[in-house]
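Shown next as structure tokens: one chain only, the form predicted alone.
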């Protein structure tokens, strides 16, 4: 639902007034725009409609209403679907490989298209190398690990040099190291080829790394779309804020506006934030955990943060590279710290601390009531 920029050429993809009913679920997309060479990530909870939208874009599901324009051409899904699909490639969560060698699988799309032997061999070799599976060319697809199978599936898709590639949670079934390595490779290859792409994911960090734009979906609708930093740091509503990792979401009432600096009453405490709300308005204050600092002394004189609150640790949860620290500062607050920082600070449940965050770290959303 972005407004197309003034391009000299038509955008890669435009959806208008798309309505598709699938069982009891309804997909309703008034507008969606994707620029040529850009990567769009669809994120949202299970059942939000991400895969349904991807299948509709691939013309594998027929909408009840709406139009799909691809590179300036309105696609008639009754008559143009087959020719349109040949311009795309799709990669699913579970690799759909033929019971043959890795080489033959990567060559399959080219064979279907009737490509000559010399060009086919060149493309297969290039994409086997791109995805680090050249040494597996003669291996049976039945003997591949999950990561090797997905690499083969991706190599097959890119070998056709698609005008747009659609990826439906391609890494969600993989272990963390394999997922990390494949994400790195896909990021590099998308940049090299400038392939227009749409992919679905539950992982907001994956979306941040790969996407030029992020669209958040819920209940069959796109509730926010924009640049990754915009969606992550300026969520439109409480649902988006929660989904993109705003761990602290506080309801309050504006008691003062001092030239753009708001004073918000939250559970009897005063939180400073930047915004345009008026005194008396109800708001939601959203704070990312990485923007909260924990100290075990009294840093008021040594911090530029406008918000400094005494509090107590209520829970610590390990999250791999970080540890999530729940705090009671008169209101609920979450911070992330490294394991080393947690040990240096001596953090444990019940420990008295001081938490601080800047006014600029608070994203304010106005509430209807």
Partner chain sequence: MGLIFDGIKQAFHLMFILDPEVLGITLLSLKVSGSATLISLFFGISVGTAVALNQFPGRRFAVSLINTGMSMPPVVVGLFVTIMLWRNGPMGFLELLYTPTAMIIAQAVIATPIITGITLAAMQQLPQNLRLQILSLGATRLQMVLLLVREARLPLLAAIMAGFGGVISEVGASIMVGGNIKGYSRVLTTATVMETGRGNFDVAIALSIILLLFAFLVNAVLTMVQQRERPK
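Positions refer to the first chain, counted from 1. As the structure is a prediction and not an experimental result, all values here were calculated from the model.
Not on display, but discussed next: the form predicted in complex with its partner chain.
Listed stretches are 178-186, 270-278, 150-158, 115-123; the contact stretch with its partner chain in the predicted complex is 150-158, by a heavy atom cutoff of 4.5 Å. Only one of 266, 174, 137, 88 comes within 4.5 Å of its partner chain in the predicted complex through a heavy atom, and that residue is 88. The listed set 55, 329, 337, 68 contains one residue whose heavy atoms approach its partner chain in the predicted complex to within 4.5 Å, identified as 55. When its partner chain is considered in the predicted complex, residue 78 lies well away from it, no heavy atom lying within 4.5 Å.
Using a 4.5 Å cutoff between non-hydrogen atoms, residue 219 does not count as a contact of its partner chain in the predicted complex. Interface membership of residue 258, defined by any non-hydrogen atom within 4.5 Å of its partner chain in the predicted complex, is ruled out.
Residue contact with its partner chain in the predicted complex: residue 296 places no heavy atom within 4.5 Å of it. Contacts between 131-145 and its partner chain, taken as any heavy atom within 4.5 Å in the predicted complex, involve 140, 142, 143.
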